[in-house]
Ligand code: HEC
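There is one chain below, alone, in structure tokens, taken in the form predicted on its own.
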């Protein structure tokens, strides 16, 4: 066989093996480069993220309210008071039968509030929790926000926009979150969420109490 043909066949053989070698090497090594996707499926798509704006609608919200009277699949006949804080399509104004108001319930609510809520809202619900204070320090740093820190201050539970809210709305907010506040429905059992909501109402009442809220036997010691 002529030498030129032998060389040619060797080169063709090496070129044929080269793609397999490259593929094997890439599969064996980690890479920070973005993978090449021929079929994108639903990895990349035009969409609106949670709590984002959409100018298509008059209220500017991308997330739409459910149609009035809509019942989620599997929830027909469900106790919407206990599960969602809703009674007859309106926010519940009282605790459900499963969680009657007792000193034990408020004590449980205080304990759970201190664990899950106080970090941002503060132990008294003033919006001055440790995380909130630290984040505000980073944002208002004299040299500018540290590492591009962006923070939306935690709401005071005694704010005029919060205190009128019925207990069912507070429960719903704990469950599903609101604006930048995350949902706690997966971390906190339903009964404990009601306990926290009841304790929030107690916190609010503590800042707006009057003499009639104090039991008569205890009023004499107040010096009023």
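Everything numeric here is computed off the predicted structure, so don't read it as measured data. Numbering follows the first chain given and starts at 1.
Below, we refer to the form predicted together with the named molecule, which is not included among the displayed structures.
- Exactly one of the stretches 27 to 35, 175 to 183, 55 to 63, 42 to 50 approaches the named molecule in the predicted bound form with heavy atoms within 4.5 Å, and it is 175 to 183.
- The closest non-hydrogen atom of residue 92 lies beyond 4.5 Å of the named molecule in the predicted bound form.
- Contact check for residue 123: every heavy atom lies farther than 4.5 Å from the named molecule in the predicted bound form.
- Contact annotation: residue 191 falls outside 4.5 Å of the named molecule in the predicted bound form, judged by heavy atom distances.
- Residue contact check for residue 82: none of its heavy atoms lie within 4.5 Å of the named molecule in the predicted bound form.
- Out of the listed residues 107, 153, 97, 101, 153 is the one that sits within 4.5 Å of the named molecule in the predicted bound form by at least one heavy atom.
- Using a 4.5 Å heavy atom cutoff, none of 135, 138 and 140 lies near the named molecule in the predicted bound form.
- Contacts between 196 to 216 and the named molecule, taken as any heavy atom within 4.5 Å in the predicted bound form, involve 196, 200.
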